[in-house]
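Form predicted alone, single chain, as structure tokens, below.
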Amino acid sequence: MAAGKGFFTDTTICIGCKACEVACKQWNQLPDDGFTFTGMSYDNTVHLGASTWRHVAFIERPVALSNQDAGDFSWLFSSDVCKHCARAGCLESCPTGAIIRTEFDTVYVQPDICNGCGYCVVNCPFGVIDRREDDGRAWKCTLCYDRLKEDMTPACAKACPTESIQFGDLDDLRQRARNRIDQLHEQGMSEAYLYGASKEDQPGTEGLNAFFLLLDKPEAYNLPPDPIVPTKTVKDAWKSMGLAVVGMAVTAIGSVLLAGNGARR
């Protein structure tokens, strides 16, 4: 099996150019999302979906500097993508086997097997995967599986002019990310941290194969602070249900015994 591959996205050097979005659509021949003005800053795609596998968010924040006028704002840019979770809710919930883990440790939807049931959609803690309106099947980032098989870099990372999107072996990416965090902290950016880089950092998904360097809380980037794969909680849910059933049974038996004792009196 090939070494696990993934993305490290350093949001501190993203310039919001959307070259990754364009490259992704061109290579994967994805349909457009409609040419409409959303009012969401300069962001016309808004979120990830069946036809948007890379999405660059323009996050507006008030400027905290005292020498700036009230109402001024700054931008954070972030190129979002499927996380290819180490424990993937979409994969675990797929009833047809359409979603598989590839030899590169990525999560891939086989369109010829997908029946459009939508279980993967509701079981993704990031809201990444979605069904296309025309055929009902689920679609998401493949991490350019066809390019990986030819030892090529995914289209989005290849097109990124600042190397905000970095592709490679996961172990190398994690070390590179830790070095970058150390560098930023030394430069006084103490707010910089890694999101999803390890199992310890994100136990609910057991880590992400596409992780991020962030400068604000996850919610600012439309990321959940503590994502949990729904199937991970099934065992606890059954335990709770079992305890509830036992409790009701004990209560019912107790009521019957009390009623019997009352009748004999």
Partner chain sequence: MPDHNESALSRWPVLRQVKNLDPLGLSNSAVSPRTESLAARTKKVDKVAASVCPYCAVGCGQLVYVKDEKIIDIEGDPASPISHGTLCPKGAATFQLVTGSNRVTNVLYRRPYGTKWETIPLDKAMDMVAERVKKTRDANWEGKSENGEPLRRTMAIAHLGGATLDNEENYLIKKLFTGLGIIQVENQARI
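Numbering follows the first chain given and starts at 1. No experiment lies behind these values; they were computed from the predicted model shown.
Here the subject shifts to the form predicted together with its partner chain, a form of this protein not shown in this document.
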### Query
Hey, in the model of the complex, does residue 188 get a heavy atom within 4.5 angstroms of its partner chain?
no
### Task
State yes or no: in the model of the complex, is some non-hydrogen atom of residue 172 no more than 4.5 angstroms from a non-hydrogen atom of its partner chain?
no
### Query
residue 101: heavy atom within 4.5 Å of its partner chain in the model of the complex?
yes
### Distance check, residue 168 to its partner chain in the model of the complex, heavy atom within 4.5 Å
no
#### Entry: Contacts with its partner chain in the model of the complex, stretch 126 to 164 (heavy atom within 4.5 Å)
145, 146, 147, 149, 150, 152, 158, 159, 160, 161
